[in-house]
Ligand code: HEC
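Only one chain comes next, encoded as structure tokens, the form predicted alone.
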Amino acid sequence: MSNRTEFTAVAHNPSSRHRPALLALSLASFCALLALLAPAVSQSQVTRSTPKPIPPNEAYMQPVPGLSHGELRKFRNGEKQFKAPWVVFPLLGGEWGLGPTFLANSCVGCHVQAGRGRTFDEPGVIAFQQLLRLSIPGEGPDGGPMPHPNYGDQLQVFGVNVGLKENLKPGEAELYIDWVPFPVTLSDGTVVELRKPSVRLEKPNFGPIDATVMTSLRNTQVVFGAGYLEAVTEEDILALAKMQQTVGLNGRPNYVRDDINKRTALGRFGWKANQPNVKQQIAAAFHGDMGVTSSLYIEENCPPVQTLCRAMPPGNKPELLDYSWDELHFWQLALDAPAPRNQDNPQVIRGSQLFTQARCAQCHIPELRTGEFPALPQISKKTFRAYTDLLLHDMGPGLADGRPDFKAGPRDWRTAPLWGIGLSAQVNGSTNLLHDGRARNVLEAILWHGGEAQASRDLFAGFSKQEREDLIAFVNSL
């Protein structure tokens, strides 16, 4: 959900519930510095015992090794909460508290099997696995984007329905995505058709959304491996930024509002690293994507002009109970990343060498290391391979959304982790990449890179067809 946060598992039995539910240094020198920062131990996670076969569509849904029986029980309870549907009070069939406006009625509705969103290529289909961020010029009270007075900080395309058709509450507006194709010719004459989105808003119910409003289309992100990313120390992330400056890059941290601890904190999650930790991201997703309140965001997501929204009775106060929030938080922290595959394949080995040659590994850092992590000791002091630096980079005008977010500028995006990309199609049918889902595969995603990544993109575009395929095979093996 939002980021999409942006997050949901089977419904509780309503009859038994009484609650709502990195060009001064050579690349070799740079990599040597990285090795000092993250001493090699193993791929990701933890040494695995011989596992039982995992169903293909559950590759993103596995727990980290070493959980106790009690922790596994908590993990499974969190998974149920991830999948649970939400309904309008007093209807049966789910947790009470959906809406009054929303994007989906469950976390799993957008993060299908904990994976990416899938774009709709057909015209005329209302988008909901992609969300539209909204803001107006200026900064909010905590230095973040200024929400739209009538629509808030993201568009809700659906409204709840209580029983009868005449009781249907309006969504804020209908969101459609028209894809604009254009060709790109590579050095060997290969023509690749890229596409970019043209956002179309129809039936805005609470006033115009004109050109003065800043918008940013966001695709649903994977939710696995977040515990590892949260467990990397801030000191290590800042050390990466300092080392990148020695080779002409400008990776920068975002600093954002930590509402839980009431302070400014380093951002790690979301397309612009605008969330400081998993727990807050979950609460923000429930609030923004499903209209579900929590003890952190206790008020309904209803701007003043939305009178029908404000008049709706809540499912509870808060609607997401603290113990359910805690179980879902533990589930996401303990959600393992899939291990890399086919690492002995000659094509993958060649692709790994080309990945380094194209300097992709300067931002998509192969190895990071966790610090002490009391929230989940099983992943403390572990090396993992997510292929990210958790830093913001200027990605050029082609990917710019024109919308700042705390310290992230209009052309800045957090380096996306690459682990698990090659399994996305088998998990939920999605191969959509980049912040708005415009890239339909790894080839298109690389060709969209600009700004600080322009040199790497051009090196890749200058490769032979076989070399490009080798590099892509490596990325898909991660």
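In this text, residue numbers run from 1 along the sequence as written. Quick caveat, the model's predicted, so the values are computed rather than measured.
FYI, the form predicted in complex with ligand HEC isn't displayed, but the following is about it.
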property: Ligand HEC in the model of the complex: contacting segment from 337-345, 391-399, 252-260, 137-145, heavy atom within 4.5 Å; result: 391-399
property: Contact test in the model of the complex: residue 64 vs ligand HEC, heavy atoms, 4.5 Å; result: no
property: Close approach of residue 206 to ligand HEC in the model of the complex, 4.5 Å, heavy atom; result: no
property: is_contact(residue 440, ligand HEC) in the model of the complex, heavy atom dist at most 4.5 Å; result: no
property: Touches ligand HEC in the model of the complex: residue 88 (any heavy atom, 4.5 Å); result: no
property: Position in contact with ligand HEC when the complex is considered in the model of the complex, options 156, 119, 306, 281, heavy atoms within 4.5 Å; result: 281
property: Stretch 96-113: residues contacting ligand HEC in the model of the complex, 4.5 Å heavy atom cut-off; result: 103, 104, 106, 107, 110, 111
